[in-house]
Structures are given as structure tokens and as C-alpha cells.
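Read the single chain below, which is given as C-alpha cells and is the form predicted alone.
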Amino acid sequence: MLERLARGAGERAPGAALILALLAAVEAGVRTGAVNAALVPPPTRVAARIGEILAGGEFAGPLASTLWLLFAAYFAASALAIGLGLLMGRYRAIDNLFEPLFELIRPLPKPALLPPLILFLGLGAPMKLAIVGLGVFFPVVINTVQGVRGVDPVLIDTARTFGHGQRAILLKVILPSALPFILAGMRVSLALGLILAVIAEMLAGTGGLGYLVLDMQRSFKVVDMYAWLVLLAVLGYALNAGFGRVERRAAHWALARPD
């Protein structure tokens, strides 16, 4: 365990060193006047403001709002996408029914769908949930379909030989075999969902981390704006790292790396 942690820290050390070097360069640029401090404050000031935000508990409310929006849409859209993707990958008739519609909507940049969603749903929670759900849905359903189609036919034939029905084959053979593809789509969708949640909060102006970043910019509170941006970046990193751990546990046989 300790050896694995030490190896992980060693692997991340160059990346951490690069970030620190960039921050030091920005700090030096601001202190020497090469960078306009009104537009880019010193990282040390931003770090101090982040400490104040965390110590004062200001982060809890906006974080809870953003995470509720993200996870409510993420899990609902992922569940729908996995179920539909399994059926589309397994049955040609269902794929022929939905594939043209999906390929028509999928290439659209999801923020471009905000105007019609606002017309139909307003600026409240339904609009925000819908735009995040749309962003999450398509990568998951596409990866699920591809994962189902990539299942070894021998596994299916073997299960059929042992007397398993279509439902058992779908849940006990096809779903586990397609799981690495599904998880890859869900990991991509998690980042897309966070992006769209922030955009929706900025547009709706009803709370959350996205609203705070925009509100700080409008109020010319530059240090606060960068502080909230850093916290948002840390949130994105933590979500990705957390999902990576879940992915490695759930599909360890497909993601194992040689030492």
C-alpha cells in the first residue's frame, strides 16, 4: 500500500512541479510589474482568499448547489443512456429507430440548445437539469452501444448453451463485458456535465459556483473571481480522481497496468 502511494506521488511530482513553476512565474511577473495586477492578481493573494473562503464556510452552499445539479442530472441521464445503449447495441431494430435522431442531436454544441430550453423550461432547475443531462447522455449511450457490439460472440453462445435467456445474457454477460466502455463514457460525461452545470448557473444566475464566478467578475472582485475559479478547478480534479478510483475497482481486469 505504502509502496503504491509512494509510486503514485512520484509519478505526479513532475506535473506538480510544473504547476508550481507556472505559479511562481506569474507571481514574479505581477511583483515586477510585467503582468497587470488589476487583471491577474498574485497567486499568493488568491491562495490567501481561498483560505478565507474555506475557513469561513462560504464554499459549502455554492458547492452543494452545483453538486446537486451535476449529480441529479448525471445519474439520471447515465442510467437512461446505459439502458437504452444496451438495447440499441443488442437489437438492430431499436438501433435503427433511435440512431438517426441521436446522430442529428449529438453533434450540436449543447450550449446552443440553451435558448430553446429556456423558452420551454424557463431559467429554473428544470432547464439546468435538462442541459446537463443532454451533455451527459450522448457519450454514455454511444460508448455503451460500442461496448455491447464488441462483446465476444463466444461468450453469448456459451451463456445460451447453458440455458440463459435474453434478459440474463444481457445483464450477466453483455453488461459486465461492456462495462469498461460504459465507464469510459461516464468519465468523459462527468467533465462535460460539470462544464454545462457551470454554464447553466452563469446563465440562470440562481446560485452555484458558476454564478459566483460570474458575479465576482461583474463586481470587479478579481481576487475573489480567481479564488472561485481555482476552487472549481480543484472540484473538477477531485471528481475525475474519484471516478478514476471507482473505475479501477469496477473494471480492474480491463484497466490493470503492468508494473
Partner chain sequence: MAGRAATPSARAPSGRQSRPGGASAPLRRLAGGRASGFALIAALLALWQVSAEHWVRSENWPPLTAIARAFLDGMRSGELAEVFGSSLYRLAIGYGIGAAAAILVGLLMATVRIVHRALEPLVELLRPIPVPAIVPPLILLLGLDDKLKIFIVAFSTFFPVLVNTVQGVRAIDPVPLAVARTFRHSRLRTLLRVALPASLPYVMAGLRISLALALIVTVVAEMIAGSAGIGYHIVTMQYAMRAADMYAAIFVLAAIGYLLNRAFLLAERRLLHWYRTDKTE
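The model shown is predicted, which means the values in this text are computed figures rather than measured ones. Note that the rigid core is defined as the largest set of C-alphas that superpose within 1.5 Å between two forms. Positions refer to the first chain, counted from 1.
Heads up, the form predicted together with the partner chain isn't pictured, but that's what we're talking about next.
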Taking 87, 168 and 206 as a possible spot, do all three reach the partner chain in the predicted complex with a heavy atom inside 4.5 Å?
-> no
If you check 174, 81, 73, 145 against the partner chain in the predicted complex, which one has a heavy atom within 4.5 Å?
-> 145
Sort through 134, 159, 125, 188 and report the residue having a heavy atom within 4.5 Å of the partner chain in the predicted complex.
-> 188
Is residue 184 close enough to the partner chain in the predicted complex to count, meaning some heavy atom within 4.5 Å?
-> yes
Exercise: residue 233 in contact with the partner chain in the predicted complex, heavy atom 4.5 Å | yes
Indicate whether the partner chain has at least one heavy atom within 4.5 Å of a heavy atom of residue 31 in the predicted complex.
-> no
Is there a non-hydrogen atom of residue 130 within 4.5 angstroms of a non-hydrogen atom of the partner chain in the predicted complex?
-> no
Which residues within 216-231 place at least one heavy atom within 4.5 Å of the partner chain in the predicted complex?
-> 217, 218, 220, 222, 225, 226, 229
Taking the rigid core as reference, does residue 36 move its C-alpha 2 Å or further between this form and the one not shown?
-> yes
